[in-house]
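The chain below stands alone and is given in structure tokens; this is the form predicted alone.
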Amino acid sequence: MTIERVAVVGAGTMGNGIAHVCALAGLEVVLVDSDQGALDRGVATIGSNLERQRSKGRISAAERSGALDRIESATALQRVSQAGLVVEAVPEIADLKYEIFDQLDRFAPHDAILASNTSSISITAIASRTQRPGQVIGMHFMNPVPVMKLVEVIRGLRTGDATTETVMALSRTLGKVPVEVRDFPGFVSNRILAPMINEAIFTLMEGVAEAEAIDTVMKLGMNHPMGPLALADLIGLDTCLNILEVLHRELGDDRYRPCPLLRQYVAAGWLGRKTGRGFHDYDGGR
């Protein structure tokens, strides 16, 4: 199956990044979000990120303008009706994803593949909300999408071979490196990453060291490009909390119990870079 048109549902950080790489690869893209303001911000972000790539010589001016011309935006979910692949990129809330997939199953072409960018929620459970479980799959892109090469391709219990092969091939077309993994809580990336971030937050809460010191130890001592607390701020502390709650609930293991300080920061609205404050302060351009 050849994919020529992609619909991306959700215009936030991950959604606009997925739309960006699809359009730059020559695919026609419709970016869907019920919030017109979010759509406008998403399209503006794509434009500025493409311009950054052009200014660094990574793409030409013609490639930038061509990618932008291939992206249209819509507030109605019915606009997925001509897509060969729909990628859902809404917040990491299971009930919200289930509701979206129930609607996508009705609006998308009968032969379309329905993919979720979920970072922890069961693909099998999402697929069960549709009449096409063999055509439902996980495409977990990494943030920031235009830069990071990895795509975790997650097969649900009933995901078909043809669906998997099509998504693996498309991921390569996007310039990504797809890795097939089983449908298990947290998959590979967050099964390993989330406990590390959580332990860094416990280390901060218990007063072992300040945030900057914790991140410096991991960067210089473990050769990580970014410290775990700065990475949590980039991901979004609300997303980190959602992932840990899924892992804790589904695996029943207290090593995934979210740190109380993480819950407190989320309750305070300190969600990381997107709010200007998380474990680090981003006001003033930091």
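Just count from 1 along the sequence shown to find any residue number. All values derive from a computational prediction rather than experimental measurement.
The same protein has a further form, the form predicted in complex with a small molecule, not shown here; the description that follows concerns it.
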**Report entry** Options 195-203, 167-175, 154-162, 137-145; stretch whose heavy atom lies within 4.5 Å of the small molecule in the model of the complex
**Finding:** 137-145
Query raised in the report: Within 4.5 Å of the small molecule in the model of the complex, heavy atoms considered, which of L244, I46, V29, I235?
Result: I235
Requested in this report: Verify the contact flag for K274: yes if a non-hydrogen atom of it lies within 4.5 Å of a non-hydrogen atom of the small molecule in the model of the complex, no if not.
Outcome: yes
Report task. Find out whether any non-hydrogen atom of D35 is located within 4.5 angstroms of the small molecule in the model of the complex, and reply yes or no. Result -> yes
Requested in this report: Consider D215 of the chain shown here, and say whether it contacts the small molecule in the model of the complex, taking contact as heavy atoms within 4.5 Å.
Outcome: no
**Report entry** Contact test in the model of the complex: V9 vs the small molecule, heavy atoms, 4.5 Å
**Finding:** yes
